[in-house]
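Starting off, we have a lone chain in the form predicted alone, written out as structure tokens.
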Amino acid sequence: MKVYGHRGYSGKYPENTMLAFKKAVEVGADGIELDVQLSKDGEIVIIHDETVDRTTDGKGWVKDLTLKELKKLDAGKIKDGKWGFQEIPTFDEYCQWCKDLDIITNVELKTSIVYYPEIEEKVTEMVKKYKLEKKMLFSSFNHLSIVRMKQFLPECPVGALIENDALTYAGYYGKKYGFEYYHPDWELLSDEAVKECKDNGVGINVWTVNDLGAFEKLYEWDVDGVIGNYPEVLAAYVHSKQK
């Protein structure tokens, strides 16, 4: 079972910042989960919400702000400035940092509320630039985006994100459309859903797992990965089980 830092080590550090990513790796996370969108001038930036209001000291839609404008915002605001000024990273900066690390990156394309034309092509170009094809996993609530990523980077696995009860035929759906993984809210899982996925050869990466009781159940189910805000706790649990 792999442990992914949800937006990095977001339970303690400002989410989707280089600080949070680095800290997640330091505490033993196997991978990083992050979110990508496009700035007004077409640069790939790492931020979860479609607006900057919640996570920075700015206001407005990501799509309406240039990279220069986004770089002036303080993403450390979400933790009350405890960790000082933190920039919104670009995907380029992240790839440059992680290219020599032994981690998997789960890139969520935020295209279900705002669709960014050519974001899939731009992400593909960046992955190829840093030769990260063997270290990337793509997911989205907009399943068209992961279909497109599969066309551009067939060697990279993809996961269909869901947040409703659509797990009934998850394994069949994933197998039919060539999705290697399903990424459900952990509360949606059941014995039947897990079996249905496994019977169809579809893996399961679960979000957002911050409760050790839930984690123990997921470990019993032998899911492929868990995405949590506190990767230090989850990684320690997995390592203790593997001794």
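Start at 1 and count along the sequence shown; that's the residue number. This is a predicted model, so every value here is computed, not measured.
FYI, the form predicted together with a small molecule isn't displayed, but the following is about it.
K.L.:
Which one, 78, 153, 161, 98, lies within 4.5 Å of the small molecule in the model of the complex by heavy atoms?
P.N.:
By the 4.5 Å criterion, the partner-contacting residue is 161.
K.L.:
Just to confirm, residue 40 within 4.5 Å of the small molecule in the model of the complex by heavy atoms?
P.N.:
Residue 40: no contact with the small molecule in the model of the complex.
K.L.:
Any chance residue 141 has a heavy atom within 4.5 Å of the small molecule in the model of the complex?
P.N.:
It does: once the small molecule is placed as it appears in the model of the complex, residue 141 has a heavy atom within 4.5 Å of it.
K.L.:
So in the model of the complex, does residue 120 come within 4.5 Å of the small molecule, heavy atom to heavy atom?
P.N.:
Result no; residue 120 lies far from the small molecule in the model of the complex.
K.L.:
With the cut-off set at 4.5 Å between non-hydrogen atoms, does residue 180 touch the small molecule in the model of the complex?
P.N.:
Residue-level check for residue 180: no, no contact with the small molecule.
K.L.:
Counting only heavy atoms and a 4.5 Å cutoff, which of 86-94, 68-76, 104-112, 143-151 contacts the small molecule in the model of the complex?
P.N.:
Contact-bearing stretch, as computed: 104-112.
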